[in-house]
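Encoded as structure tokens, the following chain is the form predicted on its own, with no partner shown.
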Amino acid sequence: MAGLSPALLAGHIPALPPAAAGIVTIEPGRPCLLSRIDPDADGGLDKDEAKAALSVERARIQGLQERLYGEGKRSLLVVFQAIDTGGKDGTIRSVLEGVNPQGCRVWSFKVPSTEELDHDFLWRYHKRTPGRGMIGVFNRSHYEDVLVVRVKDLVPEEVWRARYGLINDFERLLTASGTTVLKFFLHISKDEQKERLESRIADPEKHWKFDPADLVERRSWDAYQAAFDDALTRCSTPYAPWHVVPANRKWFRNLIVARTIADTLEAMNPQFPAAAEGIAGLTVPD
């Protein structure tokens, strides 16, 4: 296990910042019940306040991302999961606006290809994890293999149940190797999903975003909620806890996700490398 952090291998878990107000962090070892978390929560803010605060958090992310890239020693993986129409695309677009694309990569995981199916279930995710100095974003993730495959009965139960432990091992390996793992579940209500689907149907410019299969998937709402509850319960760990984001109000969702990313980067405290000696006294010739 060369290259792993000796401190983590010895059992020490790096300190993580407290979650931003409004987020529900799933305490490791305790059950997650999404039905008890209010997707309409807004932290007592109003929309204008949240939008102004979002600009501040974006600026923090931009500056800290530059330091992370310059340091070139560690990385950040941000994972987004949600039910259909939960807002993964919109959150990523809003929160990471202005971030230098040279230091950030977003990966969206669709139905696995034939090549991907010929490997273990984590293969396609592991090869997309961020390198040193990078922020990586997973729009859907390795959790699809205990969510969709479970609800659609694509693999036997004994197969997907064994994956919880493998996912925890995978995230522990990433953490021990210098990648901070930050996981968000965007929590919307069934009524909110209905409104979002109807808005896509009503607006011709949104038809490209609408998949009739979403109506079929909606019939499995309860099954997906149970699958999310189990995944968040079994895979919220001290080194990679799950954060549930009330996401009915998009402006609040964007703010608390941005603030949590900024706080996490700040806790990592990346530093620019030391400059070569004598630069301050150099003169550029005419």
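Sequential numbering from 1, following the sequence displayed. All values derive from a computational prediction rather than experimental measurement.
The protein also exists as the form predicted together with another copy of the chain; that form is not presented, and the subsequent description refers to it.
- Message: Just to be sure I understand the contacts: of 239, 69, 224, 251, which is the one whose heavy atoms reach within 4.5 angstroms of another copy of the chain in the model of the complex?
- Response: It is 69.
- Of 189, 177, 168, 102, which one comes within 4.5 Å of another copy of the chain in the model of the complex, counting heavy atoms only? Selected residue: 102.
- Query: If contact means any heavy atom within 4.5 Å, which of 169 to 177, 115 to 123, 149 to 157, 210 to 218 contacts another copy of the chain in the model of the complex?
  - Reply: That would be stretch 210 to 218.
- Within a 4.5 Å heavy atom cut-off, is residue 79 in contact with another copy of the chain in the model of the complex? Result no; residue 79 lies far from another copy of the chain in the model of the complex.
- Query: Going by a heavy atom distance of 4.5 Å, is residue 139 a contact of another copy of the chain in the model of the complex?
  - Reply: Yes - in the model of the complex, heavy atoms of residue 139 and another copy of the chain come within 4.5 Å of each other.
- Task: Could you confirm whether residue 62 comes within 4.5 Å of another copy of the chain in the model of the complex, counting heavy atoms only?
- Result: Flag for residue 62 set to yes.
- So in the model of the complex, does residue 161 come within 4.5 Å of another copy of the chain, heavy atom to heavy atom? Residue-level check for residue 161: no, no contact with another copy of the chain.
- Message: Within 4.5 Å of another copy of the chain in the model of the complex, counting any non-hydrogen atom, which residues from 262 to 286 show up?
- Response: The stretch touches the partner through 272, 273, 275, 279, 280, 282, 283, 284, 285, 286.
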